[in-house]
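Below you will find one chain, with nothing else, as structure tokens; this is the form predicted on its own, and questions on how it binds or moves follow later.
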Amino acid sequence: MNYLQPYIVSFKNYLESSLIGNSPSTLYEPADYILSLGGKRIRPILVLLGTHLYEESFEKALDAAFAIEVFHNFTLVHDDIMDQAELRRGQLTVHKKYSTNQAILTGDVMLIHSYEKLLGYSPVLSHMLVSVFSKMAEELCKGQQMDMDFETRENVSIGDYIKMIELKTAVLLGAALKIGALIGNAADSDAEHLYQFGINFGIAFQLQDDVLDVFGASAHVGKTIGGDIIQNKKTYLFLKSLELASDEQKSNLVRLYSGHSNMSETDKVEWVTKTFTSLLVKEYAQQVMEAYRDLAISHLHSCSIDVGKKELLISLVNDFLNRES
């Protein structure tokens, strides 16, 4: 993805020269740690791209890109606590490396710092950015609560699941693009189409993540393979399996995901993965993913931007949806 290098390099340089704070180190060191673990940086890249679609100088969006990346990592710190996860990007999660209390407080200060960065723009622009950001942040919390509720709910539908990942994952990608577009003085209609582009891309992106969680390689994914199965996450793969399974398979799946099984985690992951494979739910997920990708691209084509820049975003979508990690 060489075409992303200008954005990656610019954001990397900015990130290396930016600290959330210094003292006390026990508060800020965990934030520096989670930010140093890397990741795809797709969200800050989308902010910069959103601006560059309309202005040559995308560097003016670096503060907002940083705000989005800090916010995203704040959500990961708190999500890992709720999921009791031990690994993030192949390294210890913040609460495991430090402590749960430190992780909670560090996450809080990261959230506050995100707002401070957005307030650095002009009063009119910062008001628009904070409005988009606040709506996104609340919707993300709703999505996270839905995700936790699904663990104990028996009547989760595929539609429920798609709505949950829209709120928990996709709204952040949509907001990143919209914030970047607003900084680039895009028309309101374009900003909204880019938001919808990000939403649909985000749903496809999460479906791909669900597939990789089960069928990816641990070294690539950077976290425990089958983590969603262990956590009883009712992903698209699980819900589609319930639709297609025999009575015996369905009964076993429900029992395993209820937590009322003596099967070891390793055996559970192996059995569920074999069931998913036999029912071809990976292939169904890929079809749905492609449908959301196409919907995203249709919103992009409604924007009044240069064809070459549209192709840039289309390439980004295809590259991320064909990734192995």
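Values in this document were obtained by computation on a predicted structure and should not be read as measured data. Residue positions are given as counts along the sequence shown, with the first one as 1.
Although it is not shown, the form predicted together with a further copy of the same chain is what the next lines describe.
Note on the interface: of 122 to 130, 237 to 245, 185 to 193, 171 to 179, the segment with non-hydrogen atoms within 4.5 angstroms of a further copy of the same chain in the predicted bound form is 122 to 130.
Within 4.5 Å of a further copy of the same chain in the predicted bound form, a heavy atom is found for every one of S23, T26 and E138. When a further copy of the same chain is considered in the predicted bound form, N101 lines it closely, a heavy atom lying within 4.5 Å.
Contact check for H78: a non-hydrogen atom falls within 4.5 Å of a further copy of the same chain in the predicted bound form. Remark: R255 does not count among the residues lining a further copy of the same chain in the predicted bound form, judged by a heavy atom distance of 4.5 Å or less. Remark: A85 does not count among the residues lining a further copy of the same chain in the predicted bound form, judged by a heavy atom distance of 4.5 Å or less. The contact residue chosen from L92, I230, M148, V156 relative to a further copy of the same chain in the predicted bound form is M148, the criterion being a non-hydrogen atom within 4.5 angstroms. Contact with a further copy of the same chain in the predicted bound form, judged by any heavy atom within 4.5 Å, is made by just one of K97, H113, K163, K250: H113.
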